[in-house]
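As structure tokens, one chain now follows by itself in the form predicted alone.
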């Protein structure tokens, strides 16, 4: 039998197939804490709970194209740095049917995070509560800035937990921390980002020395504006630094 003959008689309906979806973990820094953009579900199942922006993948759509579409349509964001995080495929993760979801991680500078909140898509900023240190892993919960809990839908607490673990793991050897900063930033802002991701304060002198020694930052020759104190020097990410 030739391949053409085999395909002519092949029945795709002979095997059950799961539905395929994408979910976006869009993270930023809010009030010095790591935060995620969530949507409140208006329809069943799990109406009233908070969920990551997500959607089903079209039959003629690539995963990346689906993620970019969800970014535009559900989050109201035209462009963001997205990378695949993990595939979540527990049999009972969704009560409707068997749904496998490919999670994407997106990192937003503070201005882009605020713009998304004000964009009219109904997004809310959820502060992430991470009760474990380093890359130990474990449960993560979400809440408002004043501490009120935001109950999460489906397995989205697990997705957020893995996103935090991955982000912490990549902080020291990739440029992920700079993705949460504007193009020009102060050393204080850079330290605040690292502290927010790690969930712990950092020694100022040691942190700044480490950043300079690694060659990841370069001075711009400018200083920040609009401050009542002595304006701090502005830096930029140096792509020639070694990662």
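Quick caveat: nothing in here was measured; it's all calculated off a predicted structure. Residue numbers count along the first chain shown, from 1.
Only in words, not in the display: the form predicted together with the DNA, which the text now covers.
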Exercise for review: Would you confirm whether the three residues 188, 205 and 227 all fall within 4.5 Å of the DNA in the predicted complex, going by non-hydrogen atoms?
Suggested key: yes
Study note, to complete from the structure: Of the candidate stretches 63-71, 35-43, 174-182, 206-214, the one with residues having heavy atoms within 4.5 Å of the DNA in the predicted complex is 206-214
Check your understanding: Given that the partner is absent here, does residue 19 sit within 4.5 Å of the DNA in the predicted complex, heavy atoms only?
Key -> no
**Study point:** Partner contact for residue 231 in the predicted complex: the DNA, 4.5 angstroms, heavy atom
**Key:** yes
